[in-house]
Ligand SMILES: C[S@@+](CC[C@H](N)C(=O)[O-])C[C@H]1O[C@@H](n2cnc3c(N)ncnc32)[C@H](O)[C@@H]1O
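Shown next as structure tokens: one chain only, the form predicted on its own.
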Amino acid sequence: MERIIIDHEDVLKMLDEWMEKRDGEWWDHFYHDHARPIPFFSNVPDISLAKWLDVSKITPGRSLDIGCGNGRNTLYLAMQGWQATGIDISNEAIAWAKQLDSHQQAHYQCTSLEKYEDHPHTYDLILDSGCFHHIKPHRRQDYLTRIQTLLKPDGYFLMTCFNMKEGAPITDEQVYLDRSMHGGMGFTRLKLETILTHYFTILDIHEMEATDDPAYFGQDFLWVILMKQKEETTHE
């Protein structure tokens, strides 16, 4: 049957269908074996999150951890006094998170950011510890504007994503030529700044500190970007 393009969303759906599928089932398989030697298959927080909370002295409020995986950062936020929620599209990941959070200090939900429902401007902190480099270029706007909507006017958005040491060295165009994100796109500092400054005010951007301290997760193949709402987005 001929595909008829009527609106912008039809184009986005067509591009989704062209690409390799990394849906909930794919991530369920990824998270099924907890013993796999995956760097972030631990129960400790990102060193960048822990240090920022310590230095900023921010008053705990409501936090949302997007793509929370086994909930290591969600649980850490809850232990620091935050009303913490973690979401992930993998049932396996959410089950693991609930297992680690044996005292039910945080809330976990199996859903995507697109389908997650809450009131606008609800969160003091939104955390992305590894989703952005999996977001297809044609879905970036939806992803980032959804975060804008959920974040309070004075809220913070803390994101980590692949730099060029670990991420695939591909352009946005190559994603569609290859029909693949190649396991996660690598970003240069310039590319991140070019994209993110359209949506947020960047307060800091640096490579994550690599650490052997067993109390934290830290790898220098990741960028750490701290952002706030742009002024013009706070009057919606």
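Everything numeric here is computed off the predicted structure, so don't read it as measured data. All residue numbers are counted from 1 along the displayed sequence.
Missing here is the form predicted in complex with the ligand; even so, the following discussion is about that form.
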In the predicted complex, does residue 85 have a heavy atom within 4.5 Å of the ligand? no
Any chance residue 112 has a heavy atom within 4.5 Å of the ligand in the predicted complex? yes
Would residue 52 count as a contact of the ligand in the predicted complex, using a 4.5 angstroms cut-off between non-hydrogen atoms? no
Within a 4.5 Å heavy atom cut-off, is residue 163 in contact with the ligand in the predicted complex? no
Pick from 77, 131, 150, 144: which residue has any heavy atom within 4.5 angstroms of the ligand in the predicted complex? 131
Heavy atoms within 4.5 Å of the ligand in the predicted complex: which of the stretches 117-125, 69-77, 151-159, 98-106 has them? 69-77
Hey, which residues along 22-48 are within 4.5 angstroms of the ligand in the predicted complex, non-hydrogen atoms only? 27, 31, 40
